[in-house]
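Listed next as structure tokens is one chain, alone, in the form predicted on its own.
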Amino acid sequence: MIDFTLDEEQLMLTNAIQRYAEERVRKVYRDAEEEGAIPDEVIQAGWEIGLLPSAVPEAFGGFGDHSAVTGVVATEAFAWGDLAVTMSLLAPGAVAIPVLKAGTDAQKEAYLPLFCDEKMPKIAAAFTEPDILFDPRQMKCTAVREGDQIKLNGSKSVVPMADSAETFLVYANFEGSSQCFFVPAQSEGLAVGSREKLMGLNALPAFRLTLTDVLIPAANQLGGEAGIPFDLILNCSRLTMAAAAVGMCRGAFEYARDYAKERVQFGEPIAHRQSIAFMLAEMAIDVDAARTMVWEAAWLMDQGKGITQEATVMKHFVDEMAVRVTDKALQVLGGYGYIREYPVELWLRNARGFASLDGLAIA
């Protein structure tokens, strides 16, 4: 029987994240979006909460074990504050969790302690490609074995913090399946392009990555010769991104609801009008339905079940839900919703990105 009751540690973690989101993130996220940068002290405070170290076993410097349910409830709480801050904090997990799930013993010993340090590691996952028909299971970036080396060619887009990364985990098509490889930032043929100009998430520093005949040792393949169970890694990412959408949309719903209660026209709050009340009800239903789908899939993953079907259905629903809810939030505010002084237009812009943000973060 599925049980969504959080244990004491999960409650303490989510409460700490909620306080952080309210007291730190909500005070700076709008300026961060306009200025294109998140204050360092805000990121450091979020990192010190210790979500990622809590997923790493003690043998590698952490203090727990990975739980998909813990990851999604924490991600929702972070994203309620701001999506760009959330993606910045969870981007290292897009390397750590694949290593934890599929790395060799030597790779775990080499990389996992990096994610338990006081500072965020300078490491980034390069997953998404700049292709309108991007299919994560049929990547255009290629990896070809040449003796005891691997040659990489291709382009990656929306790589977070690529300008400061010392190591990349690059996903590529290798012998017909999607695999990933550790690539040092100083590798010959690897180039970090200019910062991406995105519709939303402008506070997240994301860059284009180009690989031209980049040679690395074959031992740099994550998982060694066995490789990785790609669907497992993809499902972990989709759980995280879906949970982020739920958190952001919960924030959008609550903002629109509170605005409708306070905004008075013709002698009464606009929340009393049937059209507004119905819109708010539909938003609440959408958010709760999405959360249930996310939590169920996460619970099944923690039970060791394959969730590819659940994750695929969940992604389709959540991608559309995010746009529906944030668009309705904008409608509730009327003309004010289109003004940058109010946050709903930012949430709508961010919502449009979920359909193409596979692999950006994992919790």
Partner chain sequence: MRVVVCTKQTPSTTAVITVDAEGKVSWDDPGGKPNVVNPWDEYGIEEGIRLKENHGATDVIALSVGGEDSKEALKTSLAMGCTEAVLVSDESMVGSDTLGTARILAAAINKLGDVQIALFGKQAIDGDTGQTAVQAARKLGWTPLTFVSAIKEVGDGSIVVERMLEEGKEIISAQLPVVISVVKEINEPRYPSFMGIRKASRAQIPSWSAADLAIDGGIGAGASKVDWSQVYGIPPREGSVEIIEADTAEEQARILVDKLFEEKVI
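Here the structure is a predicted model, which is why all the values come from computation and not from measurement. Numbering follows the first chain given and starts at 1.
The same protein also has a form predicted together with the partner chain, omitted here; what follows describes it.
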- Query: Would I339 show up as a contact with the partner chain in the predicted complex if we use heavy atoms at 4.5 Å?
  - Reply: no
- May I ask you to state whether F354 is within 4.5 Å of the partner chain in the predicted complex, using heavy atom distances? no
- Check whether A37 has any heavy atom within 4.5 Å of a heavy atom of the partner chain in the predicted complex, and answer yes or no. no
- Query: Is there a heavy atom of L300 lying 4.5 Å or less from a heavy atom of the partner chain in the predicted complex?
  - Reply: no
- Query: Would the partner chain be touched by all three of D135, S178 and F181 in the predicted complex, meaning a heavy atom each within 4.5 Å?
  - Reply: no
- Note on the structure: Note: the partner chain not shown here; in the predicted complex, the stretch from 28 to 36, 42 to 50, 318 to 326, 304 to 312 having heavy atoms within 4.5 Å of it is 42 to 50
- Across 7 to 22, the residues having a non-hydrogen atom within 4.5 Å of the partner chain in the predicted complex turn out to be E8, E9, M12, L13, N15, A16, R19, Y20
